[in-house]
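Just the one chain here, the form predicted alone, laid out as structure tokens.
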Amino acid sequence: MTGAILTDNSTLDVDFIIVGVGIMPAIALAEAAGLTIDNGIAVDAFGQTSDPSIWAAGDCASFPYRDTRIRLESVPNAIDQAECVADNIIGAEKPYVAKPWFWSDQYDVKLQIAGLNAGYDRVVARHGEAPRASFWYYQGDTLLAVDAMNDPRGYMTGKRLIEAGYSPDPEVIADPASDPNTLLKAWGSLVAPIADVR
């Protein structure tokens, strides 16, 4: 194969092709049922669709997050949201609070992500011994997300701070000599220090 035939029957010369499967949510059944669609099957904070007798969770469901609506395509979200929605189906009335996190192994790099960086206006780099690094995304003074490459301590620190709603001083983050446990301790007993993670 030396090319790709596009939907308009034109041909594009290519050396290789990458196919992304599942990037669009499966909403055909929901549309046929007359449910509200908004970047997937629109649900409220409890997982209920526009039809109060129908619930949805996972990659196909968009839900309120901060001041917007998102759809998370990740295993942790699919599990956590489904558990919350199952509880709500039997009357728990517990809103789903997403704690986005992701990971990927790319050759010799372990990428770990906590939070969502949409809306950031500043990125603070924290470099360790190569190839260890993390990038901390801020919107104003608020920490939104952390991307960590071969830096599990940076990832766990960022994840715990984000989930607790605390935003460390960017200057402290930028200092490679600062200890992640110090960052956690600075925010009190609600954020437990982490053990040494390699």
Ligand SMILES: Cc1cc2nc3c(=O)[nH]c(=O)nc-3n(C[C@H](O)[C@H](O)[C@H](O)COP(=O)(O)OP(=O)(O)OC[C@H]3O[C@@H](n4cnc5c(N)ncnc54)[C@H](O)[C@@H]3O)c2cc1C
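Counting begins at 1, following the sequence as shown. Because the structure is a prediction, the values reported are computed rather than measured.
There is also a form predicted together with this ligand; it is not shown, and the following applies to it.
Enquirer: Is this ligand in the predicted bound form close enough to A57, E73 and W103 that every residue in that trio has a heavy atom within 4.5 angstroms of it?
Expert: So, yes: the whole triplet contacts this ligand.
Enquirer: Of the listed stretches (58-66, 35-43, 129-137, 164-172), which one has a non-hydrogen atom within 4.5 Å of this ligand in the predicted bound form?
Expert: One stretch meets the cut-off, namely 58-66.
Enquirer: Considering non-hydrogen atoms and a 4.5 Å limit, which listed residue (A78, V124, C84, I113) is close to this ligand in the predicted bound form?
Expert: Flagged contact: A78.
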